[in-house]
Each structure stands twice: as C-alpha cells, then as structure tokens.
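Single chain ahead, written as structure tokens, the form predicted alone.
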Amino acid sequence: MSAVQNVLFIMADQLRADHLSCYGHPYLQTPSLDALAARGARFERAFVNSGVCGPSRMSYYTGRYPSRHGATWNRVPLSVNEITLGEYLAGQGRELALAGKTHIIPDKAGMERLAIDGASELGVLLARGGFTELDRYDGHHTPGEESGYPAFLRRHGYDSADPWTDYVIAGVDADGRVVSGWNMRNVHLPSRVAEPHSETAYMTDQALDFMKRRGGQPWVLHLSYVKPHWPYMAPAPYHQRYTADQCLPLRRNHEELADAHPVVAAYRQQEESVSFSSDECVRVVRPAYQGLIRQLDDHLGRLFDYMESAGLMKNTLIVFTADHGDFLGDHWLGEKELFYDTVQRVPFIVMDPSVEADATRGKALADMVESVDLVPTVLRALGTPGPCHLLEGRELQTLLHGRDGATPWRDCVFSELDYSFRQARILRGKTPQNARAWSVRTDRWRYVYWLDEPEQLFDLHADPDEYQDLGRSSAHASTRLALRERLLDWMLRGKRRTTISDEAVEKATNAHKRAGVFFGQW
C-alpha cells in the first residue's frame, strides 16, 4: 500500500455506536461499514467531548475541548482565534472541502473587532470554519442559499417553495393528507421524495462528483451526513426495512425515576423526553432510525465501490464517526446531551492505507479515544505535525501502527455540557453561568460534576446500563473524591497559552540577559 495522499472524514449525525452490525447490533446490518472496519481498525471505546452537535463538532475540527474552544452550544460562535483543521492544511497543497453539515456559527463580532471584511476571501473562510463548501446542508431547517439541494429537488419535479418541508420530511397518511415528520407519530410513513433524491443520496453524489473532479490531485473531504438525525423520515423502502421487534431493547427501568438527579429529572420534563417515554413513540421511531442508518450504509457502499475502482482506497485515510448518539427513549430520555454511554460513545472506524497500519488491520481496539484525536491524526497522516501547545488530542497512529508498550495512552475520557439554552435550566432556576457540567469516564466509573447540583457516579462494571446513580452514596464518597480530583487535574492542564509555541518558550527560558535585561545582579 502507498502513503496517504487523501483524507475522507465521514461523520453521521446522531448515530449510536450500538447501531452498526460491526458493533454488535443483531438485526441492523451495515455491510459497507463492516467492510471498512475489516479493512482498517474499529475503536470499541470512542467518546465525544460533548453530547451536543455544535460543541462536539468543534472539538473534532479544532482538536480542543469545548471549555477551551468556547463553542459550548449549537448557537455559540466558534471564536475567530480558534484554528481549525482547514487552516492547519492551508499552504500544504490541500484544502478542506465540505459536503454536508458543520454547525459552524461565524464569529461576526470577532471579525468586526479585527476589521475583517466578512465578504473578503479571508472573511468567508473564517465564517465557514476553514472549510471550502461544496454544498453545506445542516438538515434541521429549510436549506438556504448555502445548499443546492432545494434547486436539485425542484429540477426533479418537487414543485414547492420549500421542498424540504413539503416533501423530504413529509409523508402521506392513510387518509391522503400530507403530514409532517416533525411529528414523530408520522415517521412510519415513507418520505415523499424518491430514494435517489433523498438527503443521503444527494450528499453522496456531491462527494462522488468532487472525487471525480479532483482526479489524481490530492484532496481532503469532510463528508457530513445529516442522518439519522431527526426528523426521522426515511424514504421507501427504508422506512419499512425494520420492525419494532428488530430494534434493541430499551435501556431503562422505573427505579431510575425514583429520587432522580434533579437536572436529569428536569430533562425528562422536556417535550422530547415526554414523547419518548411512551412505548408507542419508541416503537414508531426506532425502526425509522434504523432504516436511515441502513440507507446511509448502502450509499457509503456506493462511494467505496467508486473509490476502489479509482484506486483511491490505496492512498486515502478514511475516518468514519458520529458527533454523538441518541437516547431514543433510553433512560426515559429523548435527544442527546447527557452523560450516558448511549449518547457519549460513538462508532469510530479508521482505515489507514499505510503499511504501518497492517499491525492492527481488521482488529477491534479497546483503547479509549476522543473526538479531539481527529485533527492530530489527520495532520500526521499528511506529514503536517500540529502544534502541541494548541492540540489536546493524540495521534491515533500510535495505536493503529501497533503499540510499542512504552508509550502511555489515556485511561479516561472527558466530556462537557452547557445546558444554558435548554428548558431544564429554567426548571432548575439556574443562570447561563452555572448551567454547566463535566464528566470523566474511566474503564469502571462514569463521574459527573454538576455546578451547584449533586454529583453523579455510575459503576460501569457492576451496572453497565447506568441505572444506579451512586452520586449521593456515602459508601462511594472516596471514589467520587478521587474522580473529582482527576477532573480538576485535567482542567488545570488545559492548553490555554495559545499565542506562543512551546518551542518559543524553550528558547526564551532564562534568556533575559540575551535580551539586555540584567535584574537581580549583585
């Protein structure tokens, strides 16, 4: 195999790790991703640094934790001072192209402060987080001018001012009425778009067109699918590919509801959790969710087949992952955000074509990895080492190319939550300054520190489904203290000196006399 020339970074939105067959799902078959895992390596314990789309993605894009990059929620801009993967690649003969979703919010105030013209080449690039947008499609609202999808739909006969609302996320009920996929009761119906015109098919076509245009020129592509994120409308035949009995059993019990953690209890009062507490909702939504995943896998198969025929599988680093999972009724919750493995653990498959990666090819690796590892891994693959004073992740090649036994690896992972924008904050009477939480997960323990709220603790060996909260157990006080200290140590070691490199610090250490400063002499 040849060295890495290209990078394909694929992200699915709201995809649980346990919903791929290579991760153990008994009914949902994902042959394309299984084949990719067989050709590369599959990380069994990969975790996001936030259970929310925006902050999670910003950690993937910057290699930094949310409390450091500052984009702690979906509507929070990424600071113009943060450096993203696209900027690291600048001047290296490659640009970072985007097909799909990013959740980047431009830092308009920051650009105004620096007198950067938003319409200039630099201003546009900063507003897009360093991406060159082939087609941006975030998929949570009617697409705007940033996407060609609405025009594509109209060209194919979907005559509407808003074909996404009227066709893509809509179905026709038994009475012939057009109904919306925003109402989860309707997602057993097929979407009104034909499968080749669906969101997943369209974005796969964008990626294929890009690769064909590039020919033999090197490229880096972020292919970011909006599915299986809500609205959970799947096109035929995927809407009926699975039955409710072919879905995973719910991870919840009534004991969880007794004396529940106050913030978790507040989340259970939000509309999505009230809906998903119904068995009917779960039985309608989960099959559609699985259908969307199978559709995604089929289109990835189409993409991988082309790459094989074009020789691209021999020189392309492929990373497949997700920005977080989805409760789907587990723990009496809907959506994501909170600190359970259902949400925090994601699929993470890496196909490194280099000879060195033969050491782990086809294996499932148990080492803990995090979202922040993406940037340093891509940069190393392309021979562009990242600055150690900025990047908080680690190069996965350390694992992929075979452990030497001498290089230590992490034994825990960290995640964060800013729930200031959620109804749960209001229900708890919190302010935007203290609606925060942080988590450290080790092999055995999941510990959560809530600002001005009780702690949480789960023993993952004795209670792998995370039903019994030991956060107020007197018998576990010493365990909580040790994990709280671990969390404090991580916070204190955060990389906040971002304007000067470690190398520059080394050169300037004890150099005051060379600079003409002679203080302290006798």
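Predicted model only: the values in this text are computed from it and were never measured. Start at 1 and count along the sequence shown; that's the residue number.
Not on display, but discussed next: the form predicted together with a further copy of the same chain.
Per the 4.5 Å heavy atom criterion, a further copy of the same chain in the model of the complex is contacted by stretch 75-83, the sole one of 144-152, 340-348, 401-409, 75-83. This chain is displayed alone, yet in the model of the complex one of Ala170, Met184, Val413, Ile104 has a heavy atom within 4.5 Å of a further copy of the same chain; that residue is Met184. The contact residue chosen from Glu121, Glu308, Glu280, Asp259 relative to a further copy of the same chain in the model of the complex is Glu280, the criterion being a non-hydrogen atom within 4.5 angstroms. Using a 4.5 Å heavy atom cutoff, Asp418, Arg497 and Val517 all lie near a further copy of the same chain in the model of the complex. Mapping the unseen interface onto this chain, Asn434 counts among the residues with a heavy atom inside 4.5 Å of a further copy of the same chain in the model of the complex. In the model of the complex, a further copy of the same chain sits within 4.5 Å of a heavy atom of Glu87. In the model of the complex, Lys314 stays away from a further copy of the same chain, with no heavy atom inside 4.5 Å. a further copy of the same chain is not drawn, but in the model of the complex it has a heavy atom within 4.5 Å of Glu272. In the model of the complex, the residues of 376-403 lying within 4.5 Å of a further copy of the same chain by at least one heavy atom are, in order, Cys388, His389.
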